[in-house]
Each structure stands twice: as C-alpha cells, then as structure tokens.
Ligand code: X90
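In structure tokens, the next block holds one chain alone, the form predicted on its own.
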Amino acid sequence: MNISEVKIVADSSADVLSIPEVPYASAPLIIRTTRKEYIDNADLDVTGMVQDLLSNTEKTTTACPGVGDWIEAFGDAKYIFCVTITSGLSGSYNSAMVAKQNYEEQYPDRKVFVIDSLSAGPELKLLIEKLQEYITEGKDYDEICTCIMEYKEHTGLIFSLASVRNLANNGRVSHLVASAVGILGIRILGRASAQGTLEQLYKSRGEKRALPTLISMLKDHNFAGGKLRIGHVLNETVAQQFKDMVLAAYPTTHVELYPLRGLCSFYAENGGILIGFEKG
C-alpha cells in the first residue's frame, strides 16, 4: 500500500488540521446561533467564537458534515481511514457511512474504513496519530483496520467543564445540571462512556480540587504513562498545571497540550479541558 494512495480523514472534532507524511483532510462541522454561523475550519477565529457565545442567550445548534462534504474530503484516494466524533453526540458517523457506500459504489477498487470514535477531541487525535504510525510503518489496509480497532479499546477521554450550557441547549445534559455548574466554581468531571455518551462522574468546587481528581481518574483507567493529549478552551495555565501533575506522577508520559478548535470549544466551553490518553 503506497502512502500516496492512502488518506486519513476526520471531522473537525478531532482538532487536527494537518499531519506530516500522510495525506489528510478535515471535514468541518458547523456551529449556529440564530444570528451567526461558525464553520469549524482553519479560518475560524475560535477565541472570537467562544467570546461571542459567552453573551449568547439564544438557542445554538450544530451540524455535521454532509455526505458531499465527506466525499470531497475523500478526494481520489484508494484507501481511506475516516474518524468521526461519537455517534452519541452527532450524525457525523452516519453521514460518513453513507459517503463510504456511495464512494465505494462509484469506485469499486477503493476502500473506506469508518471509525466511530465514541469520543471527541484528544481521543480522536490519538487515533489519527496511530493511523499515521501504522501507515508509515507499511502495514496493509486490512491489518490497519484490525489494529486501529484494537487500539481504540485502549484509549479514553476524561474532561473537566466549567459550564455545560451549550450541552444543555442541545439536549445532552439536563438544564437542572447546567444551572448548578458554574455556581460557586463547581466543575463537572466525567468521561466518554463505552456507548459514546458524556458520563458525569464527579463534581468539584474549583479547578485546584478538580486536577487531583482527574489524576485519580487516570489511575482508575490503568493509565501507565503512555501518550496523553490535553485540549483546552482558553485555559492554558490550568492545562499546563495538569500536564506538570501528570509528569510528576508518570514521568514517562508523552504529553501534548493545545487549544481546542471550534466544535470541541463549543461543547467544552470557556475554561473546559478534554484529556485523551492511552490506557495501560
């Protein structure tokens, strides 16, 4: 399998715009208010969007890539590995599956493998990095399909959120829960469940108390110091503090931290942190 014949494609919830060595494309999701539309691509001013939404009191919605968007992202590659945000939050996976069917019917000699991440943000980033690794190692298509699904079973996502207003407006959490978060500095701590939903595990008053709990959550998932990716929404200081705590507890960890882009910033909201990691 020649690298020039291969392509990795993901929706924009992966927060990845490009990768080295392997062809890559991002299919943007869209965030909409009654007054404005934000396309989650390389041109999006994420900071501006987050600040706009802080004062927004009207309903917000999101839209996944359409079938045509996915097919455009596939380009003319012969072997495509496609990663989507969890089907528990978006129709992106279903749209990608229809695109796969249409693409393979039009080009019978081509193959598309669609992965429902059952997650978002940093966990997708880990899957993309592993796909890149497999491809550059020279694994064949079928082997990569098997290996990436095995790898997915050994990754996870945990989070700390200072607000869940947008999740409530989209019906992902109750408005009762949303009204309590943010009062007296309460943060919601949770994980992406095995079913691809956002599962609340703890409440913590203040960021300083939240960080040790996040370390304990890693321990509960048998984290042993592999890869860990920290995405944040305008909260680099606390993300760096958490990175330092991880390295103090697990010195062999390969950590990267970065600002989340549009879709993940919309759901995680100002001050939110998403953490993708490899399980032990």
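It should be emphasised that the depicted structure is a prediction, and the values quoted were computed from it without experimental measurement. Throughout, we count residues from 1 along the sequence that is shown.
Although not depicted, the form predicted together with this ligand is the subject of the following passage.
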Could you tell me which stretch in 55-63, 210-218, 245-253, 33-41 has residues with non-hydrogen atoms within 4.5 Å of this ligand in the predicted bound form? 55-63
Quick one: in the predicted bound form, does every one of 29, 90 and 197 get a heavy atom within 4.5 Å of this ligand? yes
Exactly one residue in 128, 80, 73, 118 has a non-hydrogen atom within 4.5 Å of this ligand in the predicted bound form; which is it? 118
With heavy atoms only and a cut-off of 4.5 Å, decide whether residue 86 touches this ligand in the predicted bound form. yes
Does residue 9 make contact with this ligand in the predicted bound form, using a 4.5 Å heavy atom cut-off? no
Consider residue 96 of the chain shown here, and say whether it contacts this ligand in the predicted bound form, taking contact as heavy atoms within 4.5 Å. no
If you check in the predicted bound form, is residue 14 within 4.5 Å of this ligand, heavy atoms only? no
In sequence order, which positions of 133-158 have a non-hydrogen atom within 4.5 Å of this ligand in the predicted bound form? 157
